[in-house]
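Coming up is one lone chain in structure tokens, specifically the form predicted alone.
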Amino acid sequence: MDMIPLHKLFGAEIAGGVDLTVPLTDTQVADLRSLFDAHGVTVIRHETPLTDEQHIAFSRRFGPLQRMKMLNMFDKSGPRLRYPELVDVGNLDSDGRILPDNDRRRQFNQGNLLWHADVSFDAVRATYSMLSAHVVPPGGADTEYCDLRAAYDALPANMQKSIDGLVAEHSIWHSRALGGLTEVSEAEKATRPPAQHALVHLHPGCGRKSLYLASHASHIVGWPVDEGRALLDELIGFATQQRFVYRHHWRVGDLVIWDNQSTMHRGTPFDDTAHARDMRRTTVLEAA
């Protein structure tokens, strides 16, 4: 497969040699997994988007898939997409219309503009996210990614030593509150209890140490809340310096795969009251 670097530290575009519309061989799966682990962010461009069936079939080759349930409580009209393996990362309702200003799904999705790793709020973490662009608004509605391995490597040695062994608690409701969704019932909160994860881990695929950060991280276990949040804010600020960031400008047909255990990402704002955005994501989970 021909590779084009996207950033001097991480990220690559596959320029040829793989056709995702047909079943992959075991060798292709192993080669792609190695690429995903090495590069952190991998871009595969197509003239037209994969069908939902092709998208899901490709994703399943890399592990079990998350089944969508988070927005069910907010979407009384039913999901827009027919497959529960697809996460709807757009601004459309089940009839294909742009969500109104007062829709809770719009409030919920504001959290996607914060730096995060998908599913860090669950005990079973995500490995790869695979996002397919079906409708791209004017300007592209870019997504930014940062390399948490390079950020860890660049930390002063005394900081690396001080944070090794720390554990952070992650909650979807923490990040959604930061995004403005504060009116959440206790019953709703109970559907997604918090999870705890090491702040620094050895990435199983590439063998490098990496930070594991997200806006979902609410505090450091065993620390006063304010002190833990100050440390998390400091680390996120360090890891999202421009030298660690790749910005992807979307085209219809793009499939972008990122490793949630070595990167964070965030959406960028666009006029989502006037322009449609249809993005569909599968999320591969690590073994329980």
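Each residue number is its position in the shown sequence, starting from 1. Keep in mind the model is a prediction, meaning the values are calculated, not measured.
One more form of this protein exists, namely the form predicted in complex with ligand OGA; it is left out here, but the text below deals with it.
So in the model of the complex, is ligand OGA close enough to Leu155 to count as touching (4.5 Å, heavy atoms)? Because no heavy atom of Leu155 falls inside 4.5 Å of ligand OGA in the model of the complex, the answer is no.
Under a 4.5 Å heavy atom criterion, is Asn91 part of the interface with ligand OGA in the model of the complex? Judged by the heavy-atom cut-off of 4.5 Å, Asn91 is well away from ligand OGA in the model of the complex.
Can you tell me whether Gly11 touches ligand OGA? I mean in the model of the complex, with a 4.5 angstroms heavy atom cut-off. So Gly11 does not count as contacting ligand OGA.
Closest heavy atom of Thr191 to ligand OGA in the model of the complex, within 4.5 Å or not? Judged by the heavy-atom cut-off of 4.5 Å, Thr191 is well away from ligand OGA in the model of the complex.
Given that the partner is absent here, state which listed stretch (93 to 101, 177 to 185, 195 to 203, 139 to 147) has heavy atoms within 4.5 Å of ligand OGA in the model of the complex. Of the options given, it is 139 to 147.
Which of the residues spanning 108 to 136 lie within 4.5 Å of ligand OGA in the model of the complex, based on heavy atoms? The stretch touches the partner through Asn112, His116, Asp118, Leu131.
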